[in-house]
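Single chain ahead, written as structure tokens, the form predicted on its own.
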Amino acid sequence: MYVGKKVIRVDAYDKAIGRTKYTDDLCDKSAYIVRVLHSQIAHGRVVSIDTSEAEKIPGVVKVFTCFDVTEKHYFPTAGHPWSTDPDHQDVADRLVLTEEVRFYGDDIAAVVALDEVSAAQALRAVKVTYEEYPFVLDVQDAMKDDAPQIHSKYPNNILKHTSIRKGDYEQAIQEPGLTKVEGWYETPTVQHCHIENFICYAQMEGDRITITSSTQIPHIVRRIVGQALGLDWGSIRVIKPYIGGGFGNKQDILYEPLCAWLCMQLGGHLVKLDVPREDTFVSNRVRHAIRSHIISWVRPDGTFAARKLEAFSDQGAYASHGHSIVAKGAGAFPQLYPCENVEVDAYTVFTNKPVAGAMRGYGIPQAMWAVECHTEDVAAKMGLDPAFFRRQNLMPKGYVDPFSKNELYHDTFNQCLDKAMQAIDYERKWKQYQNQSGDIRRGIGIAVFWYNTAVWPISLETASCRMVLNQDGSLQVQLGETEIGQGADTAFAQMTADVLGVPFDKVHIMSCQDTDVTPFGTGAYASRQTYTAGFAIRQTALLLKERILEYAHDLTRMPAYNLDIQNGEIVRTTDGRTLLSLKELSTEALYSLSNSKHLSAETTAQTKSNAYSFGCTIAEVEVDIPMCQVKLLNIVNAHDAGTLVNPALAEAQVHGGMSMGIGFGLSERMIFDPKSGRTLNNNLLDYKLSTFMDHPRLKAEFVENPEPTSAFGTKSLGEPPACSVAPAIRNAVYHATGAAVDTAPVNPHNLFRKLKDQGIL
């Protein structure tokens, strides 16, 4: 059996020696180079664009402007499955180039040149005249009646508002003896910062266009490019090579439609659009900044009587993934700490800032910042140990969500807390660090998280798989689910090997998707792939196994029900005798003069279940109070992700997520000029990304409770490790100093303000 073992990644060798081919490696050197011209105002209209000087520059092929886009096909960009119900479709509010400017960095023109230097020179030579409008950068200011209107269809700039009502909040708060705890909590705009910037290239072959893109969602790209350009979806081919990271940024349609449009304007010539790092911060996608207001009414025994949440999500200039991010966080609020009386209001609001989309955690890192900072505040006000207080109120075993039908089958939270607390020696340190004085202080903090697996029942969950038996008894396996660096292909190969009964090294996963060839799958997002693809893999492998054993019946004279495949051999189950090898069978099947067969199987599995994934983070910090500097000393994440298909890959996922959470908690934030709306730190020097030097040794602990709804006992692990790190660090700083920093990150600027406000400095 391979599931549960630390097998080496299937792509490890090629990546280690540099043989792996990424998008830029595959593009022919004859490609024209595309650079996008971005607006230099935050809100307004392009009146005119003078390209004459730019087009005189040697090497410039053509400059295209927003006024050249005569057929205006508005399209959505979110990497969500399509819905045939118009009420459940993503907002179509983008054009390949726009004259209506809604943020500083909007796409208004594109230069096509023979080389990078000519393209860069041409960008500087284009002259743009604007009609400027007032702009708004604050999410709550944007909701005011006198705020600039960013999209005419959305009064007060509210893309969507949803509410949750449970019990009777107003009646519940009349209960005698309640303590009210209230706070505002805020997370900033941050960017994904994957190693490989977004890149794509396009060329035409006859009447069809082929787009090669660094994307997480090739089949969705195909559909959206068709919508954007008014093309039949079948006339578009999308190829996804190996990817150098995505983290949700590449779960959006970024520049594939523009690249394809430019290719078509130039007679099908190969064009390449490689986004510079500075542009990824502004004109790709960012994480939603969310401001939350929480009120809790707490009984003397430390249980919740009533709770209220208001959350305001900063969408930026266009809809992208829209309301689904804050809606997911809002949905977590009444589930993580169940309470009979709850009111939740969540708003997604347009501002004149870069567009917010999916990012690892999909709203839960922001929600857990608010909820877990608040939880710490409640415990402090009630004089209770934070670990005890959480155990008292967290979702209990047997809880069932009425909407998703998710059930907590195990005592997960207590198990994860036990493991993490033991690993970091929590109880001793909690007592040791109480009531410190002096300039250097230490603290320890806890945060927990809630996460769903995949997107059902909110949206479609489906995966398809194709398996082909080769002449030598090995297998070709294809899925629409994508490897983006996380190790998915290795897990898929382990699953296939176990179900079919073949050696792991005989399973050849086709890592690079091609929509002309690869069966349909919606791609990498929502921590869905191991769970959702698992159903398709098991179903397809069982079907192929049945067909192989039926063919083996002709060769062995044994009934199929007395046969099995074990380690690549056809075995008679009644006595364990090996009758022939899978290699012998497959060669005979292909070349038989009497019964030639191409043994393969392809199925689709639609998933109509979901699963809870839970865990916690405990962080230990040292705070230099005069310097307002936080040093992370020790950190541990504990997860219940069900059965671990590959423990080594699982640990790597947790370490990567913890690293992102450390940056989110301590240093990362995008800064915007209030006078112009311009992003001020759109580079890796001024944007303070967490590095190896900011990390202690990262520790991952696991509680393996097999998920009953899953084909292999698995559930989400890709995004959860990033969800609770930041609030755990904040709570450790609170424990050390008594300063509750409610605006992330806990950098010297925010810590100084809080220490000053509370008289500690």
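Fair warning: this is a prediction, and the values are worked out from it, not measured in the lab. The first residue of the sequence shown is number 1, and the count goes up from there.
The protein also exists as the form predicted in complex with another copy of the chain; that form is not presented, and the subsequent description refers to it.
In short, of 615 to 623, 383 to 391, 77 to 85, 125 to 133 it is 77 to 85 that has heavy atoms within 4.5 Å of another copy of the chain in the predicted bound form. Within this chain, D498 is remote from the site of another copy of the chain in the predicted bound form, having no heavy atom within 4.5 Å.
Using a 4.5 Å cutoff between non-hydrogen atoms, P519 counts as a contact of another copy of the chain in the predicted bound form. Although the partner is absent here, Y399 lies well away from another copy of the chain in the predicted bound form, with no heavy atom inside 4.5 Å. Heavy atoms of S313 never reach within 4.5 Å of another copy of the chain in the predicted bound form, leaving it off the interface. With the partner omitted here, the residue from H151, K631, R208, H161 that has a non-hydrogen atom within 4.5 angstroms of another copy of the chain in the predicted bound form is R208. The contact residue chosen from S690, S118, Q203, N284 relative to another copy of the chain in the predicted bound form is Q203, the criterion being a non-hydrogen atom within 4.5 angstroms. Residues of 601 to 619 that come within 4.5 Å of another copy of the chain in the predicted bound form, judged by any heavy atom, are E602, T604, Q606, K608 in sequence order.
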